[in-house]
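Take a look at this single chain, the form predicted on its own, given in C-alpha coordinates.
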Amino acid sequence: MKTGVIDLSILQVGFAMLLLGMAGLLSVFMQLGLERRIAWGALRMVLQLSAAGLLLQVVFELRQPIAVAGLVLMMTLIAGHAASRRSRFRYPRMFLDAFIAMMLGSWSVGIFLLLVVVQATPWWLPQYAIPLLGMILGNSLDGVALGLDRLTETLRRDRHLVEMKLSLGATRWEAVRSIVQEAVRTGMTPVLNSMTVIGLVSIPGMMTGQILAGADPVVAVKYQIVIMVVIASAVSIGTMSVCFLGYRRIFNKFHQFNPRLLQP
(Lines give C-alpha, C1' and ligand atoms only; values in the text may rest on other atoms or scores of the structure.)
Protein backbone atom coordinates (compact mmCIF):
# COMPACT_ATOMS: atom_id res chain seq x y z
CA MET A 1 0.00 0.00 0.00
CA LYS A 2 1.28 3.42 -0.89
CA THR A 3 2.22 5.40 2.22
CA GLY A 4 2.57 9.10 2.86
CA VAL A 5 0.31 12.07 3.47
CA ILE A 6 -0.90 14.48 0.79
CA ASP A 7 0.33 17.88 1.90
CA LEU A 8 -2.14 20.76 1.74
CA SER A 9 -1.11 24.19 0.55
CA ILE A 10 -2.32 27.41 2.16
CA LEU A 11 -4.58 27.89 -0.87
CA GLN A 12 -6.20 24.49 -0.34
CA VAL A 13 -6.79 25.28 3.34
CA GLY A 14 -8.33 28.57 2.21
CA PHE A 15 -10.76 26.67 -0.03
CA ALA A 16 -11.91 24.69 3.02
CA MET A 17 -12.40 27.92 4.98
CA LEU A 18 -14.81 29.09 2.29
CA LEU A 19 -17.26 26.50 3.57
CA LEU A 20 -17.19 28.20 6.97
CA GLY A 21 -17.80 31.49 5.20
CA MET A 22 -20.93 29.98 3.71
CA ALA A 23 -22.12 29.13 7.22
CA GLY A 24 -21.60 32.79 8.17
CA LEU A 25 -23.58 33.96 5.15
CA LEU A 26 -26.42 31.61 6.04
CA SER A 27 -26.40 33.05 9.56
CA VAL A 28 -26.75 36.56 8.14
CA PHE A 29 -29.49 35.47 5.73
CA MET A 30 -31.49 33.73 8.47
CA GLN A 31 -30.69 36.43 11.05
CA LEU A 32 -29.26 33.93 13.50
CA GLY A 33 -26.68 36.32 14.89
CA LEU A 34 -23.97 33.66 14.80
CA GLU A 35 -21.65 35.25 12.25
CA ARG A 36 -19.40 36.91 14.84
CA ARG A 37 -19.15 33.70 16.86
CA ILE A 38 -18.31 31.75 13.71
CA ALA A 39 -15.62 34.26 12.72
CA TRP A 40 -14.16 34.43 16.25
CA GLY A 41 -14.23 30.65 16.61
CA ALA A 42 -12.49 30.19 13.25
CA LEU A 43 -9.81 32.73 14.16
CA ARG A 44 -9.16 31.12 17.54
CA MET A 45 -9.05 27.67 15.95
CA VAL A 46 -6.46 28.72 13.38
CA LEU A 47 -4.27 30.55 15.91
CA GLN A 48 -4.47 27.78 18.52
CA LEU A 49 -3.74 25.00 16.04
CA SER A 50 -0.86 26.95 14.50
CA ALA A 51 0.65 27.60 17.93
CA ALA A 52 0.14 23.94 18.88
CA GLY A 53 1.85 22.82 15.69
CA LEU A 54 4.90 24.98 16.36
CA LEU A 55 5.07 23.85 19.99
CA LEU A 56 4.75 20.18 19.05
CA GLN A 57 7.52 20.56 16.49
CA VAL A 58 9.84 21.92 19.18
CA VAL A 59 8.93 19.13 21.64
CA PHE A 60 9.36 16.44 18.97
CA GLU A 61 12.82 17.78 18.10
CA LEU A 62 13.90 18.00 21.76
CA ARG A 63 12.83 14.41 22.55
CA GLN A 64 13.23 15.07 26.28
CA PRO A 65 10.88 13.61 28.94
CA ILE A 66 10.77 16.91 30.84
CA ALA A 67 9.46 18.68 27.73
CA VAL A 68 6.78 16.04 27.20
CA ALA A 69 5.76 16.16 30.88
CA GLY A 70 5.60 19.96 30.82
CA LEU A 71 3.38 20.01 27.74
CA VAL A 72 1.06 17.32 29.12
CA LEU A 73 0.79 19.22 32.42
CA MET A 74 -0.12 22.40 30.55
CA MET A 75 -2.75 20.52 28.54
CA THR A 76 -4.22 19.06 31.74
CA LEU A 77 -4.40 22.48 33.42
CA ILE A 78 -6.18 23.97 30.42
CA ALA A 79 -8.58 21.00 30.28
CA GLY A 80 -9.35 21.32 33.99
CA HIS A 81 -10.02 25.04 33.60
CA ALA A 82 -12.28 24.47 30.60
CA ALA A 83 -14.23 21.71 32.38
CA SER A 84 -14.83 23.86 35.46
CA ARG A 85 -15.95 26.84 33.37
CA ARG A 86 -18.71 24.92 31.56
CA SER A 87 -20.79 24.39 34.69
CA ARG A 88 -23.75 26.72 35.25
CA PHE A 89 -23.14 26.72 39.00
CA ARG A 90 -19.76 27.02 40.65
CA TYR A 91 -18.36 26.31 44.09
CA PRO A 92 -14.98 27.15 45.69
CA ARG A 93 -12.04 25.14 44.35
CA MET A 94 -14.03 23.67 41.47
CA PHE A 95 -11.03 24.14 39.17
CA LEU A 96 -8.84 22.14 41.55
CA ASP A 97 -11.36 19.28 41.61
CA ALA A 98 -11.60 19.27 37.82
CA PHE A 99 -7.82 19.28 37.44
CA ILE A 100 -7.35 16.42 39.93
CA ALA A 101 -10.07 14.39 38.20
CA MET A 102 -8.55 14.99 34.77
CA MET A 103 -5.13 14.01 36.05
CA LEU A 104 -6.36 10.86 37.80
CA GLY A 105 -8.36 9.64 34.83
CA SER A 106 -6.20 10.66 31.89
CA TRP A 107 -2.71 10.16 33.30
CA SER A 108 -3.38 6.77 34.87
CA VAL A 109 -4.84 5.14 31.76
CA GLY A 110 -2.50 7.09 29.46
CA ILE A 111 0.62 5.82 31.19
CA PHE A 112 -0.81 2.29 31.21
CA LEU A 113 -1.51 2.60 27.48
CA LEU A 114 2.03 3.74 26.69
CA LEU A 115 3.81 1.26 28.99
CA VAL A 116 1.74 -1.90 28.55
CA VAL A 117 -0.14 -1.63 25.26
CA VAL A 118 1.86 0.52 22.84
CA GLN A 119 5.26 -0.28 24.37
CA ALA A 120 7.09 2.49 22.54
CA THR A 121 10.81 2.88 23.21
CA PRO A 122 11.18 5.06 25.20
CA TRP A 123 7.63 4.89 26.55
CA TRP A 124 7.33 8.70 26.74
CA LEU A 125 8.19 9.14 23.04
CA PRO A 126 6.44 12.44 22.16
CA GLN A 127 5.09 11.18 18.81
CA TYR A 128 2.99 8.67 20.78
CA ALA A 129 2.56 10.20 24.24
CA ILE A 130 1.28 13.64 23.28
CA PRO A 131 -1.35 12.70 20.62
CA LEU A 132 -2.69 9.78 22.65
CA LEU A 133 -2.88 11.74 25.91
CA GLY A 134 -4.39 14.66 24.00
CA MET A 135 -7.25 12.48 22.75
CA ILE A 136 -7.81 11.06 26.22
CA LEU A 137 -7.82 14.53 27.81
CA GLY A 138 -10.19 15.93 25.19
CA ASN A 139 -12.78 13.24 25.78
CA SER A 140 -12.30 13.29 29.56
CA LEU A 141 -12.94 17.03 29.51
CA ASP A 142 -16.44 16.49 28.12
CA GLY A 143 -17.26 13.81 30.69
CA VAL A 144 -15.96 15.81 33.64
CA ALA A 145 -17.72 18.98 32.48
CA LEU A 146 -21.07 17.23 31.99
CA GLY A 147 -20.79 15.43 35.31
CA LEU A 148 -19.95 18.63 37.18
CA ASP A 149 -22.76 20.54 35.52
CA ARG A 150 -25.37 17.90 36.35
CA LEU A 151 -24.07 17.49 39.91
CA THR A 152 -24.12 21.19 40.79
CA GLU A 153 -27.40 21.90 39.03
CA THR A 154 -29.20 19.01 40.73
CA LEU A 155 -27.77 19.83 44.15
CA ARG A 156 -28.99 23.40 43.75
CA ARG A 157 -32.41 22.35 42.44
CA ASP A 158 -33.04 19.52 44.92
CA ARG A 159 -31.46 21.11 47.97
CA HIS A 160 -34.69 20.77 50.00
CA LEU A 161 -34.81 17.03 49.27
CA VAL A 162 -31.17 16.66 50.35
CA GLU A 163 -31.85 18.60 53.55
CA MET A 164 -34.90 16.45 54.29
CA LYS A 165 -32.82 13.26 53.99
CA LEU A 166 -30.20 14.73 56.31
CA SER A 167 -32.87 15.70 58.86
CA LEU A 168 -34.05 12.07 58.86
CA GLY A 169 -30.59 10.87 59.84
CA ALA A 170 -28.98 10.20 56.47
CA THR A 171 -25.25 10.73 56.03
CA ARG A 172 -24.04 13.15 53.37
CA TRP A 173 -23.35 10.25 51.00
CA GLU A 174 -26.77 8.70 51.56
CA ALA A 175 -28.38 12.08 50.94
CA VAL A 176 -26.68 12.66 47.57
CA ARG A 177 -25.95 9.15 46.31
CA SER A 178 -28.69 9.19 43.66
CA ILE A 179 -27.60 12.67 42.53
CA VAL A 180 -23.96 11.61 42.19
CA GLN A 181 -24.97 8.45 40.33
CA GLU A 182 -27.05 10.44 37.85
CA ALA A 183 -24.21 12.94 37.34
CA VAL A 184 -21.76 10.13 36.58
CA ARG A 185 -24.23 8.58 34.11
CA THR A 186 -24.59 11.95 32.40
CA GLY A 187 -20.83 12.38 32.08
CA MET A 188 -20.36 8.92 30.60
CA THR A 189 -23.29 9.05 28.17
CA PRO A 190 -21.44 10.67 25.20
CA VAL A 191 -18.57 8.17 25.15
CA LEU A 192 -20.94 5.22 25.60
CA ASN A 193 -23.08 6.49 22.73
CA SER A 194 -19.97 6.83 20.57
CA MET A 195 -18.92 3.26 21.31
CA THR A 196 -22.28 1.89 20.16
CA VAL A 197 -22.16 3.50 16.68
CA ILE A 198 -18.44 3.76 15.99
CA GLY A 199 -17.55 2.12 12.69
CA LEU A 200 -21.19 2.12 11.58
CA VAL A 201 -22.12 5.80 11.64
CA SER A 202 -18.70 7.42 11.95
CA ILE A 203 -15.06 6.62 11.34
CA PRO A 204 -13.23 8.31 14.23
CA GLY A 205 -10.37 10.74 13.89
CA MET A 206 -7.47 8.50 14.86
CA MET A 207 -8.50 5.76 12.46
CA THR A 208 -9.11 8.29 9.68
CA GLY A 209 -5.71 9.88 10.23
CA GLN A 210 -3.89 6.57 10.07
CA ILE A 211 -5.73 5.50 6.92
CA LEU A 212 -4.95 8.85 5.25
CA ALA A 213 -1.31 8.35 6.22
CA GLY A 214 -1.30 5.01 4.39
CA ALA A 215 -1.64 2.59 7.32
CA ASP A 216 -3.32 -0.77 6.82
CA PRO A 217 -7.03 -0.42 7.79
CA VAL A 218 -6.73 -3.48 10.04
CA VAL A 219 -3.88 -1.82 11.97
CA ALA A 220 -5.91 1.40 12.19
CA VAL A 221 -8.89 -0.55 13.57
CA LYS A 222 -6.77 -2.14 16.30
CA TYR A 223 -5.43 1.25 17.38
CA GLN A 224 -8.94 2.70 17.39
CA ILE A 225 -10.31 -0.13 19.53
CA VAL A 226 -7.53 0.43 22.04
CA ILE A 227 -8.01 4.19 22.16
CA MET A 228 -11.80 3.92 22.59
CA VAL A 229 -11.40 1.48 25.48
CA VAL A 230 -8.83 3.77 27.10
CA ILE A 231 -11.01 6.85 26.57
CA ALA A 232 -14.03 5.15 28.15
CA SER A 233 -11.91 4.14 31.14
CA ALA A 234 -10.47 7.65 31.54
CA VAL A 235 -13.92 9.26 31.30
CA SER A 236 -15.34 6.91 33.92
CA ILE A 237 -12.47 7.53 36.35
CA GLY A 238 -12.48 11.28 35.75
CA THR A 239 -16.24 11.70 36.04
CA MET A 240 -16.51 9.58 39.20
CA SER A 241 -13.58 11.42 40.78
CA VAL A 242 -14.90 14.92 40.10
CA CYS A 243 -18.40 14.06 41.31
CA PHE A 244 -17.01 12.51 44.49
CA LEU A 245 -14.73 15.48 45.14
CA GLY A 246 -17.44 17.96 44.20
CA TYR A 247 -20.19 16.79 46.53
CA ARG A 248 -17.76 16.74 49.48
CA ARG A 249 -17.02 20.44 48.89
CA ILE A 250 -20.68 21.28 49.51
CA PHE A 251 -20.76 19.44 52.86
CA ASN A 252 -18.62 19.93 55.95
CA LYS A 253 -17.15 17.16 58.08
CA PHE A 254 -20.29 17.20 60.27
CA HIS A 255 -22.43 16.22 57.23
CA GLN A 256 -24.02 19.66 57.05
CA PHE A 257 -25.18 20.79 53.59
CA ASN A 258 -24.30 24.31 52.43
CA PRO A 259 -26.09 25.05 49.11
CA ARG A 260 -25.06 28.72 49.33
CA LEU A 261 -21.63 27.63 48.09
CA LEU A 262 -23.23 26.92 44.70
CA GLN A 263 -23.27 30.23 42.87
CA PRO A 264 -24.32 30.95 39.26
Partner chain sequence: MPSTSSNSISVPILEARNLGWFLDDQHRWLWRRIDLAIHSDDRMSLAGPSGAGKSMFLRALAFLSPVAEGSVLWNGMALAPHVVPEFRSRVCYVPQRAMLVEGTVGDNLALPYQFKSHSHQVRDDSIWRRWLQDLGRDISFLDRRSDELSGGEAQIVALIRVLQFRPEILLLDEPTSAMDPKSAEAVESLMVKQCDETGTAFLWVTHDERQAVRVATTQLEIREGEMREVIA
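Given the structure is predicted, the values throughout are model-derived calculations rather than measurements. Positions refer to the first chain, counted from 1.
This next part talks about the form predicted in complex with the partner chain, which is not shown.
Of the candidates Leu161, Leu115, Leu192, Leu96, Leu161 is the one whose heavy atoms come within 4.5 Å of the partner chain in the predicted bound form; the others do not. Of the heavy atoms in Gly169, some are within 4.5 Å of the partner chain in the predicted bound form. Residue contact with the partner chain in the predicted bound form: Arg249 places no heavy atom within 4.5 Å of it. With a 4.5 Å cutoff on heavy atoms, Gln256 counts as touching the partner chain in the predicted bound form.
By the criterion of a heavy atom within 4.5 Å, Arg156 is excluded from the residues contacting the partner chain in the predicted bound form. Picking from 105-113, 81-89, 169-177, 128-136 the stretch near the partner chain in the predicted bound form, with a 4.5 Å limit on heavy atoms, gives 169-177.
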